[in-house]
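As structure tokens, one chain now follows by itself in the form predicted on its own.
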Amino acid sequence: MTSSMIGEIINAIGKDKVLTEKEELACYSYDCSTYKHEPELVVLAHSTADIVAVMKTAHKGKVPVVPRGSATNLCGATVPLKGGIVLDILSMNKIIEIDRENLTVTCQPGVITADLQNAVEKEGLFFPPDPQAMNMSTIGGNVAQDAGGPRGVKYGVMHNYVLGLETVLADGSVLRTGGKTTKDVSGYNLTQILVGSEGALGIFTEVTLKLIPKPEAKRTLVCAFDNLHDASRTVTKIIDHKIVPSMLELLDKTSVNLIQSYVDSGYPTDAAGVLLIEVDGSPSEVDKQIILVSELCKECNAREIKVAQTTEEADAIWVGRRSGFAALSAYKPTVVAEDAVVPRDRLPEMVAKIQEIADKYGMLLPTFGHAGDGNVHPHICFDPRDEKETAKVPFIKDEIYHAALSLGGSISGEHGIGIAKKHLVPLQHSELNLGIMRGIKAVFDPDNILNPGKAI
């Protein structure tokens, strides 16, 4: 971009919000994926007005703009692949209103997910979406990626909670969609079109989210199995008995051992597969469900069932699960977290296919994920200094997703497409589907300046 454009932005929003030094730009060249590319300029946005000013200049000069929160995504969604401007929204981190009467919360996009959860829980309310990086990820990023998490099996993911958005479009205009109403069929649902758009249709500046009452009670148990097939088929058996746990997570033996060596969570390291299960609701409902779930696990050959007796024990179990990525990173310097999803009843087949792929390439693929909604995360752990290991990675990745698609699944359950899986999108979507998506992109961003080179 030209010096005059940079000057125009500085004049509009102030020099203290603009970064141009090489060292500063390098800090915005990567996210939690393996991709990297430096921007030409970084803007620290403090308000909607700042973003409007930047977009008006970028629109005139057809300069690429990539919105960025905490950059915890795993698919390269916040890497400035075409250079241009990175728009940092972390300073826009205010919770504007918690509305108890309408069960909503309105906030800016830079609010950290866990901070929002803690704030609403103090009011006796509950915001369920809980991505693994919730202590770092932002609400705006969660909306952009349609993030999920362990509680997705019962409560759904981000799109189930987004009621309204304020969004700055590519030309600097401000679009307001949705609101606090729980019903609205007055036209096309533009709010939901924007959810999961990975920053390619607009930049969120205000988000209104649905809340629900906080569950009165919850219980957690750990079930150990001597084979992974029994563990995975238990998932469908539980759901088939009309029990929907708030969390239902599957870990294979490799994951269990790596996590347990990283943080003591009380996992049985000799088990071939482990299920982590949480049920919530009223105290009486929880007591009944924990008994029935234990019985169902026994019917599926669980050899050990441990029910957490204290809040501290339950917390330790879930700390282990949320430490999974860090534990794997301690094992190998590079970890690529894949994100395949299949219909719940095909989960045993998917788990078996992942093991076949691991055996075929002679590499460990530690696998854990949100088994309750068919979402598995095989992790490709490798040393980039090892040429033989590194050469296998793209083939392993593609085979994982071909397997998921062959079982009626999807190439992404919650991580998004970004750069990492763009080449796989045509395998899942027809040319008609893709043409409609491109048409939507053209309406919102005809010059293709918002996060270009990603998704479709």
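The first residue of the shown sequence is 1; numbering continues from there. The structure presented is a predicted model; accordingly, all values stated were derived computationally and were not measured.
The protein also exists as the form predicted in complex with a small molecule; that form is not presented, and the subsequent description refers to it.
A.B. asks: May I ask you to state whether residue 367 is within 4.5 Å of the small molecule in the predicted bound form, using heavy atom distances?
C.D. replies: Answer no; every heavy atom of residue 367 is more than 4.5 Å from the small molecule in the predicted bound form.
A.B. asks: With the cut-off set at 4.5 Å between non-hydrogen atoms, does residue 70 touch the small molecule in the predicted bound form?
C.D. replies: Yes.
A.B. asks: Would you check, heavy atoms only and a 4.5 Å threshold, whether residue 50 touches the small molecule in the predicted bound form?
C.D. replies: No, residue 50 stays farther than 4.5 Å from the small molecule in the predicted bound form.
A.B. asks: Test of understanding: in the predicted bound form, would residue 265 fall inside 4.5 Å of the small molecule by heavy atoms?
C.D. replies: Output for residue 265 is no: heavy atoms all beyond 4.5 Å of the small molecule.
A.B. asks: Among 203-211, 169-177, 340-348, 119-127, which stretch has residues with heavy atoms no more than 4.5 Å from the small molecule in the predicted bound form?
C.D. replies: Heavy-atom contact with the partner occurs in 203-211.
A.B. asks: Exactly one of 148, 245, 80, 378 has a non-hydrogen atom within 4.5 Å of the small molecule in the predicted bound form; which residue is it?
C.D. replies: None of the other options qualify; the answer is 148.
A.B. asks: Quick one: from 137, 220, 104, 232, grab the residue that has a heavy atom within 4.5 Å of the small molecule in the predicted bound form.
C.D. replies: Answer to the contact question: 137.
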